[in-house]
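First comes one chain, alone, set out as structure tokens in the form predicted on its own.
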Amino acid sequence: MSVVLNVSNVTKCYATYRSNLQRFANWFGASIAPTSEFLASKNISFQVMQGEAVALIGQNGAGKSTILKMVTGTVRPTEGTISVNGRISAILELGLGFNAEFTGRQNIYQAGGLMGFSQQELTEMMPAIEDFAEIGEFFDQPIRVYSSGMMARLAFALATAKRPDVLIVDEVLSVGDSYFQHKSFDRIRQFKAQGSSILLVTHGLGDVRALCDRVILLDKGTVLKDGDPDEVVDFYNAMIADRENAKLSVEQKRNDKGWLHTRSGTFQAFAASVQLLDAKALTPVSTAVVGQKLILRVDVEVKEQLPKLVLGLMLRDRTGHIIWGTNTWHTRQILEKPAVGQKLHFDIAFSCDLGPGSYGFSTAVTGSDTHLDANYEWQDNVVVFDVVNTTRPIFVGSSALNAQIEIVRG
């Protein structure tokens, strides 16, 4: 596979001067010191291969959008180089390149021309753009009357009217409705399958796990972690909790089956043992049968005096999608002031109404309804198991519905 995007030691510094005249003079070589400087990105380096989908994640102000603007050429780096092999199509900001008084159709011609398309090409693509945007009669009305969702539809339809070598998307899809988000991500997947590279900025971590081959975590303008989606996303979740809990530590390791185990917390209380058991025999289960009665047994130890203790549970499939989750805060089983040294025993009984595949349970021992307030311990994929179907007709999906098909002949 060839490299389509190479970002090498890129730094972007925004300087503030006492006046615009001083800024202007600096453009022509005057050595006037700025009053202040802000480093939006510092020595950023990464590559994107052909057909690879890469996500940039991080908290607000981490430098994600600055990187995308430099890649697309709307902002120039202060230092470093960026090289692109192929045609880029980008959706960075709602309405970027659009005129509020022009209709959707007129804006397609104007913004499309700025993207390098000829009038004839845009005329040929117009029916497909109008069809994909699905904004009806608004297509020929001024975009000042558009909602943010309609603007996103128009921008995405134009940007993806022709498959690019590199598609860049910056959060713009988050303003659309769920139907259009699904439709848009389906098109992105098609482009990826056809060889396009994707560079995506989003706070939708479920989309990151499902779509991306790699994730880059940015923090304060630097690359903090670059790796597999599960590893980086789990680390990011732990990092967010770390900012809310002063004494938090984070551990990560991958087992021989490829599942990543991330453990974080203050460990004032923790799950000493987590087992998946057959509900009748109470024997450990590594492979469950569809419909089998199971128990997830969690033993928690309390090491310090705590005001409250809550156990949280999450079940995810192999791609990281959440299948189910809850905690004892929501089930109104909060433990008040558990004794130091106390050992607590939780049994979670359930029927394995899952589709064939691999699944992982995550546990959280916290002090409230979220681990961001008091994260005593969070463990991703602490118990991993397979599900096989040996008793029911063949079906697909992650849920085993107890569906009955009735045929009525007239």
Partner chain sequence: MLQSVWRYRHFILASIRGDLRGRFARSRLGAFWFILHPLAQSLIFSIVLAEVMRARMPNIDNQAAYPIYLLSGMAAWGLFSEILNRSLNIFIEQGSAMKKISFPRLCLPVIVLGSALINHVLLLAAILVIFMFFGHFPGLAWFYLIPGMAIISILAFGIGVFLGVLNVFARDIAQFMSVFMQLWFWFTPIVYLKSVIPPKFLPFIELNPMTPLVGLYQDALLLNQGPSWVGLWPAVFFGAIAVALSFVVFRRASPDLVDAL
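Whichever C-alpha set is largest while still superposing within 1.5 Å between the two forms counts as the rigid core. Positions refer to the first chain, counted from 1. From a predicted model like this one, the values you see are computed outputs, not experimental measurements.
The form predicted in complex with the partner chain exists for this protein as well; it is not shown, and the discussion that follows is about that form.
Trainee: Just one of H203, R144, K293, R87 has a heavy atom within 4.5 angstroms of the partner chain in the predicted bound form, so which one?
Mentor: The residue in contact is R144.
Trainee: Quick one: from T123, T222, T74, T319, grab the residue that has a heavy atom within 4.5 Å of the partner chain in the predicted bound form.
Mentor: Only one option qualifies, and that one is T74.
Trainee: Using heavy atoms and a 4.5 Å limit, would one call S148 a contact residue for the partner chain in the predicted bound form?
Mentor: Close contact is absent here: in the predicted bound form, S148 is far from the partner chain, nothing within 4.5 Å, heavy atoms only.
Trainee: Taking heavy atoms and a 4.5 Å cut-off, does P127 contact the partner chain in the predicted bound form?
Mentor: Contact check for P127: no, nothing within 4.5 Å of the partner chain in the predicted bound form.
Trainee: Please run the contact check for S178 against the partner chain in the predicted bound form: heavy atoms, 4.5 angstroms, yes or no?
Mentor: The answer is no: S178 has no heavy atom within 4.5 Å of the partner chain.
Trainee: Although the partner chain is absent from this view, report whether P307 comes within 4.5 Å of it in the predicted bound form, heavy atoms only.
Mentor: Residue-level check for P307: no, no contact with the partner chain.
Trainee: Please state whether every one of the three residues G325, K343 and S368 places a non-hydrogen atom within 4.5 angstroms of the partner chain in the predicted bound form.
Mentor: None of them does, since no heavy atom lies within 4.5 Å of the partner.
Trainee: Given the stretches 349-357, 23-31, 41-49, 381-389, which is the single one in contact with the partner chain in the predicted bound form, using a heavy atom cutoff of 4.5 Å?
Mentor: Partner-contacting stretch among the options: 23-31.
Trainee: Who in 112-150 is close to the partner chain in the predicted bound form, meaning a heavy atom within 4.5 Å?
Mentor: Those in contact are G113, L114, M115, G116, S118, Q119, R144.
Trainee: Is Q110 displaced by at least 2 Å at its C-alpha between this form and the one not shown when the rigid core is overlaid?
Mentor: Result for Q110: yes, a 2 Å-plus shift.
Trainee: Does V388 count as moved between this form and the one not shown, where moved means a C-alpha shift of 2 angstroms or more after fitting the rigid core?
Mentor: No, shifts by less than 2 Å.
Trainee: Aligned on the rigid core, do the two forms place the Cα of T123 2 Å or more apart, comparing between this form and the one not shown?
Mentor: Shift of 2 Å or more: yes.
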